[in-house]
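Starting off, we have a lone chain in the form predicted alone, written out as structure tokens.
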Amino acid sequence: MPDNAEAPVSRIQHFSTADGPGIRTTVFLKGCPMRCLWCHNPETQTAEPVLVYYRRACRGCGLCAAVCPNGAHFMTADGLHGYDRSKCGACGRCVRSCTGNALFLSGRLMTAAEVFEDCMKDAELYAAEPGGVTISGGEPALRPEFTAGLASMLKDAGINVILDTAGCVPADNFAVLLPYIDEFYYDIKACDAAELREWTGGDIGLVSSNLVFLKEHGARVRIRVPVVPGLNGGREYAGRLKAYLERLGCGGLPVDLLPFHRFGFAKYEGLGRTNPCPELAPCPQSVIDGMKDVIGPARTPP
């Protein structure tokens, strides 16, 4: 696979323990066909670079205003920081000047070789745990050439590769990726066509057919279910999910139940966007336990 394929990278998270076994490096790509109401990473939804501004972390030092070429950052007459997003060119100069971690640029165009080089900084950690690299997003399967190029280099280096996908991409993409991925973390957001469309804008036909494709071609697949109270949480939904997987011939696949949390809510403010579902509440352990009783053995990853 070519190592010069490019993709917009939101961030590369080193020393991750929540995206697969062992110590891992998680590569978050930008661009996603879905718009989940509960999205934890809204900065990755679009492919374009975007600046995230955490107002509460701002120290009001004025360094960003001094380096911004477009006047997007400025200091008010009373010495407070101001930000006009309409003037922002997402160049990243302000991020490099910030002393308070108030600014983050999501969306650096990188080649597969550049990302591989960054991941290899943790090679000794992967071997010790063992761990590896998780390619996430956004939706990494939207960029099969880049993702396969990165994964092939990692596999050649003996590093375990997990792909975290929601499956709502053209089927041909998975045919490209299949030889290079050790395990697919397959997110099931809903098991009903109308609910998936309402909650995420996704196409359950693609999600179902791609899951069957991976299963029939011998891929190692783990089902991941974000459990959101009021939407897809509870014993009744667990029964529907179990029946859905069995209809697809995927009833024996391992399942992870991921309790919804509100950690991503601050990102909407940082992006200058309205949270589509601010009323959503964190998922209690009792809901997870009830679903496990119905589904059978299931993990709740850290």
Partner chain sequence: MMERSRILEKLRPEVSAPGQSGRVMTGYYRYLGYREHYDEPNRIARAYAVRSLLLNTYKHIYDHDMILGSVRGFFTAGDDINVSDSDVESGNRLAASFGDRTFGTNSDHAAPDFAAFLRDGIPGTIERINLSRENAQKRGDATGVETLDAMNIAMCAFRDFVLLYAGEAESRAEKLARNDPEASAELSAAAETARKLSLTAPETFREALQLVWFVYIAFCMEGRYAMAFGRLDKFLDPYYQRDRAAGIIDYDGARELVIAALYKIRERRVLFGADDVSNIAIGGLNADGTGGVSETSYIILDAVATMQIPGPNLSLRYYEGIPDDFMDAALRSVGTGLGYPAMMNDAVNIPALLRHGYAKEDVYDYCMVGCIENFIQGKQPPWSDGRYNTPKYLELALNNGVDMLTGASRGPATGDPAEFGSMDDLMDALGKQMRFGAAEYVACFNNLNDGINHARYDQPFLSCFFDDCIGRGRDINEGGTVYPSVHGAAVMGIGTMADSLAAIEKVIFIDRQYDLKTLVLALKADFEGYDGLRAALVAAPKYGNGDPLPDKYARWFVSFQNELFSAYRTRDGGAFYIGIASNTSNIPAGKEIAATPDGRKAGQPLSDAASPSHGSDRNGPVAALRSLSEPDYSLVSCGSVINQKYSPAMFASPAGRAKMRELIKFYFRKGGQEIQINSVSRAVLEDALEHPEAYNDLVVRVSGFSAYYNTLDDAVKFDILARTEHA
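Residue numbers count along the first chain shown, from 1. Quantities reported herein were computed from a predicted structural model and do not represent experimental measurements.
One more form of this protein should be noted, the form predicted in complex with the partner chain, which is absent from this view; the next part is about it.
The partner is absent here, but in the predicted complex a heavy atom of Arg96, alone among His217, Arg197, Arg85, Arg96, sits within 4.5 Å of the partner chain.
Screening Leu125, Leu178, Ala90, Leu231 for any heavy atom within 4.5 Å of the partner chain in the predicted complex leaves a single hit, Leu125.
Heavy atoms within 4.5 Å of the partner chain in the predicted complex map, among the stretches 204-212, 151-159, 96-104, 168-176, onto 96-104 alone. Proximity of Tyr54 to the partner chain in the predicted complex falls within the 4.5 Å heavy atom cutoff. Contact annotation for Ile23: at least one heavy atom lies within 4.5 Å of the partner chain in the predicted complex.
Although the partner is absent here, Tyr244 lies well away from the partner chain in the predicted complex, with no heavy atom inside 4.5 Å.
A residue is said to contact a partner when one of its heavy atoms sits within 4.5 Å of a partner heavy atom; Gly62 meets this definition for the partner chain in the predicted complex.
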